[in-house]
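Just the one chain here, the form predicted alone, laid out as C-alpha cells.
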C-alpha cells in the first residue's frame, strides 16, 4: 500500500511538472494534472492540499538537486572549486527537460505570490551565504584580494541565474558550458586583482 501511494505521488509530481511547463501555473488545473497522471482528484488531495503546495514541492526538489551538485564540487583551492562548479550548468541544461520552463514559472510565481517568493528567496540567501563563505575562504588562503565577499557572492549568483535564464531562452545560442567557464574565469580574475580603491 505504501509503495502504491509513493508511486501515485511521483506520478502527480511528474504530471504537474509537464502541465506547468506546457500551460503555466495559472492555466494548469488540478483536473489537468490528474488527467495527465491518470489519478483521481481525491488522490491528488490525499497527497497535496493545493496546486500551490505541489508547485512548492517541485521548487524545493529542483533547488535541492542544485544544492547537492554544488556540495559535490570540492577542490583543494577555492578558484578550482568555483571553476569545477561551472561544469554543473551544462548538466542542469541537458538533464532538465521539462524543468527548464519551470524555472521561468518559479520566477513568475515568486513575483505574484508571497508564499512562493518566500520559498524562492530563502534558497537564494543560502546560495549567497554559501558563496560568500567560499570567497572568504579564498581570501584567507590568499587566492583572492580582500574584496567584499557578500557583494561578490551576490554577483556570482546573478551570473549563474543569468546564464541559466539565457540557456532556457536560447538553448542553441551558445555553448553555455563554455560561456559559464569563461564567465567564471573573468570573475576569478577580478577577485585576484589588488583592491586599490
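Positions refer to the first chain, counted from 1. Between two forms, the rigid core is defined as the largest C-alpha subset superposing within 1.5 Å. Remember, it's a predicted structure, so these values are computed and weren't measured experimentally.
As for the form predicted in complex with the DNA, it is not shown, yet the points below apply to it.
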The DNA in the model of the complex: contacting segment from 140-148, 158-166, 27-35, 60-68, heavy atom within 4.5 Å: 27-35
Note which of 134, 39, 152, 56 lies within 4.5 Å of the DNA in the model of the complex, where distance is taken over heavy atoms; exactly one does. 39
For the DNA, considered in the model of the complex: do all three of 5, 8 and 47 come within 4.5 Å of it, counting heavy atoms only? yes
Align both forms on the core first, then report whether residue 113 has a C-alpha shift of 2 Å or more between the shown form and the other one. yes
Comparing between the shown form and the other one on the rigid core: C-alpha of residue 23 shifted by 2 Å or more? yes
